[in-house]
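As a starting point, one isolated chain is supplied in structure tokens, in the form predicted alone.
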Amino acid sequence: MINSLRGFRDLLPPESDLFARIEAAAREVFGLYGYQELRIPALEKKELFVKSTGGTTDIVEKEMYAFTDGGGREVAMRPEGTPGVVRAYIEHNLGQTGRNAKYFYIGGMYRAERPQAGRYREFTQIGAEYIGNPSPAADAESISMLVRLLEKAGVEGCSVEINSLGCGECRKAYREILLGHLRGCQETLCEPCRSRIERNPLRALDCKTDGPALAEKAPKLSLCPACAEHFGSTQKLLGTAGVAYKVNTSLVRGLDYYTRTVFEVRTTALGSQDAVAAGGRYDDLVKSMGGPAAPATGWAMGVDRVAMLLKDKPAPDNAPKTFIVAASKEAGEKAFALMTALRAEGISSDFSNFELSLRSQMRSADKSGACFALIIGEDELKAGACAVKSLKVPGDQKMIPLSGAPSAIKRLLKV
């Protein structure tokens, strides 16, 4: 027997139904906000993620599934969605379409990190990117859309935390101040932080080991007037949208491309892995990857974690409404025709094996969760009818003509 790899898993019902429900909620909300779906490849050139995500990030240094393919190319499985969306935006000149460049994606991401509750090596993300709008309104819309999506999916008890990382000029001045602080406490830092503070001191603030303590003691970033105004406007617009939030000046994101607004949606229900979604503004990324100057904002949501929050809620009822039974060998063709007619009218129907005994087929009908068993036997064939037996109300059975069966079943189902 060959088992699945550690950190990878099969999504089985009812969990797969839950994932589908979350994704359906996302598509509905994205439609309200004018977002279009963009399907990006699972495999990209490795340099795409090194150049965009940052060479000193944990994703690139330790977690990325990167390898040399048969053609000698350095490739990697996508660890996140934003670089692929930006690459597609540049490659296909999507900024020239005349429409808002608002895109969403739904798909698997891959990171070779230690599996734990809510964290897998293959996981599903839903993400949204809005490219080309520098306005604080774009930030506020992006965050409010995420909150609405989570509410639509049925998530409760989430909180929004926001911060501003400023622009390149803000961070240039802050880098030297922070670097001096980190050099002074270098001996207390973990080995990864010590090895990269000279290259990227901001990364230490996002370290899983040292980050929380450093965030309390490290000097805070001062925003330039333009960034302070942008952050203030974003907060005001979030209030207008009715989004409750908290400013967390210790909040940083683990990717190099973020500028100005960053945010996370958290919940206490998942223990230490309390962020279900996160994102922010990345005004310089498109240009740094060879595209036009195009400010942007976006986020990604972990579907696996959202599903964990919803696992105790009532599952959607995916049982068929009717179950078709052929009580004689001669009735099989008519039973199949009836099932086809019901499905054509939008009535979900199922069956087991028309060649099995009536008793065996009725056992399958009972286990299916269907509302009605529609039975065709010798007597029903002669009468051009079928027996409708309720699987919810004992003793409730009636005959209906085969010719009008779909309409009659709709009336019984009250649809």
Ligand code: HAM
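Numbering starts at 1 and follows the sequence shown. All values derive from a computational prediction rather than experimental measurement.
Although it is not shown, the form predicted together with ligand HAM is what the next lines describe.
- Out of the listed residues Arg305, Arg87, Lys102, Arg78, Arg305 is the one that sits within 4.5 Å of ligand HAM in the predicted complex by at least one heavy atom.
- Of the listed positions (Leu251, Ala300, Leu182, Cys227), a single one reaches within 4.5 angstroms of ligand HAM by any non-hydrogen atom in the predicted complex, namely Ala300.
- Among heavy atoms of Ala275, some come within 4.5 Å of ligand HAM in the predicted complex.
- Ligand HAM is not drawn, but in the predicted complex it has a heavy atom within 4.5 Å of Tyr282.
- In the predicted complex, ligand HAM stays beyond 4.5 Å of every heavy atom belonging to Tyr174.
- Contact between Glu161 and ligand HAM in the predicted complex is not found at the 4.5 Å heavy atom cutoff.
- Here the chain stands alone, but in the predicted complex its contact with ligand HAM, taken as any heavy atom within 4.5 Å, falls in 108 to 116 among 185 to 193, 323 to 331, 108 to 116, 240 to 248.
- Using a 4.5 angstroms heavy atom cutoff to ligand HAM in the predicted complex, all of Thr82, Tyr120 and Phe123 count as contacting.
- Applying a 4.5 Å heavy atom cutoff to ligand HAM in the predicted complex picks out no residue from 349 to 388.
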